[in-house]
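Given as structure tokens, the chain that follows is alone and in the form predicted alone.
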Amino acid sequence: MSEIRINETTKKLLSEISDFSGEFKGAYNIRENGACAGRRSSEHIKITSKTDKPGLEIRIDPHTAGETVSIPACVTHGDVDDLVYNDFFVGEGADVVIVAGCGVHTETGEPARHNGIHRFLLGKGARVKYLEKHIGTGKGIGLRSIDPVTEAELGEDAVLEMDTAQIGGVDRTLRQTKATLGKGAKLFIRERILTERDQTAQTEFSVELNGEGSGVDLVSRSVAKDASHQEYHSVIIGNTACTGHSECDAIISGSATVNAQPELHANSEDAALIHEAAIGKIAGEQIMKLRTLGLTEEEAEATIIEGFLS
């Protein structure tokens, strides 16, 4: 176990992305500006540094239950381009929570970027709840970028629940998620994104349903404001008797633009695949109803957006 050594900016970012209040329960690794700022393993969750590239190996023993492992990463000033590779090996029958938020901050004209490449290998019957929040802060004009890559292999009857959110301040992001599912495996993804000003966000999902009885439920909700732009592309490939559902809902305001492209590929007559996509502005009657309760138009819009992204 190492002592936590973090600066004040990191403390503020951690409170936003991982509910940090001075300590973490369970196993953790804190990454600050490309270096380890604190680490602790537990009896059943071991965290070690990679020897061939920057990053971690997180090994979770079979049948570990009720534990949480936190691996937040923070960039606290400009002129940092942080790249990390983290591999999670989740043993058979384990049931755990993984928290992996990221924050980038700059007060200068230099860019700040974090690129986290996470690979999940879930054993038979393993269950993982994965929580990830991204945020950008600071008054600098340097671009704040976060480019997460997630790759997952789900073994027989494994379940992965992903809850990801970009909660503001990120100027550029490319979010890539790829998964392959074995027999009876289930993948649930809930994504929420907010862009403002001239920010851009690009999301790429690709899921292969290879095992009989496997299934994916993918829901993305986003709000694009001002002159921001969002791209959404999802691909679900059903290679056997399986179920797949993709839903993309977006709210636009100002001169913002959104491009949604859901794809379905059924390679078996027993693949049941559905996609939905809806893009539009906030309904006038919703604004009017809240204004009758005493809210201003701006307050009403903020309330609707907060509820939509919650």
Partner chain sequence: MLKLEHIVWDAPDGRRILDDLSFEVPDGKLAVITGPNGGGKTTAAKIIAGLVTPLSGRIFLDGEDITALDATERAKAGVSFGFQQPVRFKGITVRRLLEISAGGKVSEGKLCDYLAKVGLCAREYLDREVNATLSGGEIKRIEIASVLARGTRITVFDEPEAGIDLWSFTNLIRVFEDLRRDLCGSMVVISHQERILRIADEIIVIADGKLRERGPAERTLGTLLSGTDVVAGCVKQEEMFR
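Numbering follows the first chain given and starts at 1. Quick caveat, the model's predicted, so the values are computed rather than measured. If you superpose the two forms and keep the largest set of C-alpha atoms that fall within 1.5 Å, you have the rigid core.
Below: the form predicted in complex with its partner chain, not depicted.
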| property | result |
| --- | --- |
| Among 47 to 55, 279 to 287, 256 to 264, 31 to 39, the region lying within 4.5 Å of its partner chain in the predicted complex by heavy atom distance | 279 to 287 |
| 4.5 angstroms heavy atom contact with its partner chain in the predicted complex for D61 | no |
| Its partner chain contact in the predicted complex: T296, any heavy atom under 4.5 Å | yes |
| In the predicted complex, K25 touching its partner chain (heavy atom, 4.5 Å) | no |
| Contact label in the predicted complex: R221 to its partner chain, heavy atom within 4.5 Å | yes |
| Within 226 to 258, the residues that have a heavy atom no more than 4.5 Å from its partner chain in the predicted complex | E247, D249 |
| G22: Cα shift of 2 Å or greater between this form and the one not shown (core-aligned) | no |
